[in-house]
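What follows is a single chain, given as structure tokens, in the form predicted alone.
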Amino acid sequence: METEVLIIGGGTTGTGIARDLTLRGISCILIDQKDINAGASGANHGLLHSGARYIFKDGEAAVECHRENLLLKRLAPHCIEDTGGLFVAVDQDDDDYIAQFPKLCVKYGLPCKEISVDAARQKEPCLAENLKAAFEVADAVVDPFMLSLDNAAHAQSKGAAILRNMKLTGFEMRNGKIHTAQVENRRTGEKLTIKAQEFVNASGAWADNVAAMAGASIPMSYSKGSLLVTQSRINQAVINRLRPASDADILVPGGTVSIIGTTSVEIDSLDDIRPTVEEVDAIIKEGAQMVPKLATTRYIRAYAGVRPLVRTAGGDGRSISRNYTLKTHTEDGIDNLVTITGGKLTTFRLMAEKASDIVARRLKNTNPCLTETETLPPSTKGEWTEPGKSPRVWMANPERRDTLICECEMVSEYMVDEIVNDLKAEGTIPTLEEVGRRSRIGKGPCQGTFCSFRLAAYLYRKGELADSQGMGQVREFVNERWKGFMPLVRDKELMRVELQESFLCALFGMEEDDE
């Protein structure tokens, strides 16, 4: 295969670069070793920052967040729930820190309005009784899966190729340039060689691994952050704790649930990323100081992502800048590689623009960036990722009330058909993992215990699975969900887990797996 630009990494930044380049008339191929948003882009709060979170430590990042927040609300409104946000302080929080907050917001041009404690509690009755300060800011909620899938879809409509399950295995170097990339399909074992004029490393936490294949090095630090998903929605606006960054400072509503997090734990390996019991306990304890209901509510799942931070000085995960890093690699003697990593979901478009500017300049393409002005069109590819949409559509359309595959989230057969058809149109083999990522299947209270088997049976009936493929995919799907709720199991939850274990092991013989 041959293209002008090969993009490595299918998160929000990688898909944003694909869209940016194709809008400039530059051809590109994007590869990911798994799927769209399989890394940190799919394991975060889904928070569209107002910028206020960063005013104490990084004014430049705060201003960037504010600007991109406004742009995305205007250009990708279908991906965003404009909830607004609150920064709140309770009795034990520092008065000097609270007093500085509105002053710094004014300094960096961020909208911020102090409201009374009573007004804050009327707005969000879940807030603690000992609240002592509250400020309204312009936070919002973004669906990161819909955002990336729609960026990828728009890029594909402009000629880009999106290749999933393609793992980079090496580069061929010639005269200080990458000549070709060798990739392997992790499902079929098929090997490909891709020739490109420019290469973009947007692989997030794997940025150093990719750079090393070209003989370069990026000093990375890996900070794991864990989050918990409540069974029902607790808050209407984003709620931030007004104190220096710590565990469980942000409660984000997302459709029918709320998400509380996060932690910051330095790790050395990317091989097995999962939340721990200790992190879950810390999140519930700290979060309950701000929203007491978090101590007693039911959680359906925990998950963890890795922040890819570039280390420029000593310090732990929270002290390293959350801003992005852009490297041209000219200092490494490589003339056609760009690495973009770090940063935040909110600034993905800006990061994609900066990386694309370098690539376009090297290719002598003078067309301007259009993602700052052109609306992101909705696509069918991200349609069923939105929490709460499946039941709304199913109830509102009697003629489309076919059999439900996922009863918790009310995902029906025709919704699965649409996802499968989209995947097949892209040349991708539909699996439980891919269908689950593009829908709400497995994300409800049963966490895939029942719907994983129903989905496998349906895919067999439609001829999409054969032989023993289904059992392996069900095991992979269920194991991934169990990683998320095992740290939450305690008290009454033990009864639910025993029922699930009996179903999975005694009925379907899945006990042979160590997970």
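Each residue number is its position in the shown sequence, starting from 1. Since this is a predicted model, take the numbers as computed values, not measurements.
Another form, the form predicted in complex with a small molecule, is not on view; read the next lines as being about it.
Visitor: Using a 4.5 Å heavy atom cut-off, which of 483-491, 470-478, 455-463, 26-34 contacts the small molecule in the predicted bound form?
Guide: Stretch with heavy atoms near the partner: 26-34.
Visitor: Since exactly one of Gly85, Gly287, Pro253, Gly305 fits, which has a heavy atom within 4.5 Å of the small molecule in the predicted bound form?
Guide: Of Gly85, Gly287, Pro253, Gly305, the residue with a heavy atom within 4.5 Å of the small molecule in the predicted bound form is Gly305.
Visitor: Looking at Ala61, Ala52, Leu47, Cys451, which has any heavy atom no more than 4.5 Å from the small molecule in the predicted bound form?
Guide: Here the answer is residue option Leu47.
Visitor: With heavy atoms only and a cut-off of 4.5 Å, decide whether Ser41 touches the small molecule in the predicted bound form.
Guide: Looking in the predicted bound form, residue contacts with the small molecule include Ser41, since a heavy atom lies within 4.5 Å.
Visitor: In the predicted bound form, does His179 come within 4.5 Å of the small molecule, counting heavy atoms only?
Guide: Judged by the heavy-atom cut-off of 4.5 Å, His179 is well away from the small molecule in the predicted bound form.
Visitor: Is there any non-hydrogen atom of Ala202 lying within 4.5 Å of the small molecule in the predicted bound form?
Guide: Close contact exists here: in the predicted bound form, Ala202 approaches the small molecule to within 4.5 Å, heavy atoms only.
Visitor: Considering non-hydrogen atoms and a 4.5 Å limit, does the small molecule approach Lys344 in the predicted bound form?
Guide: Within the cut-off, so yes.
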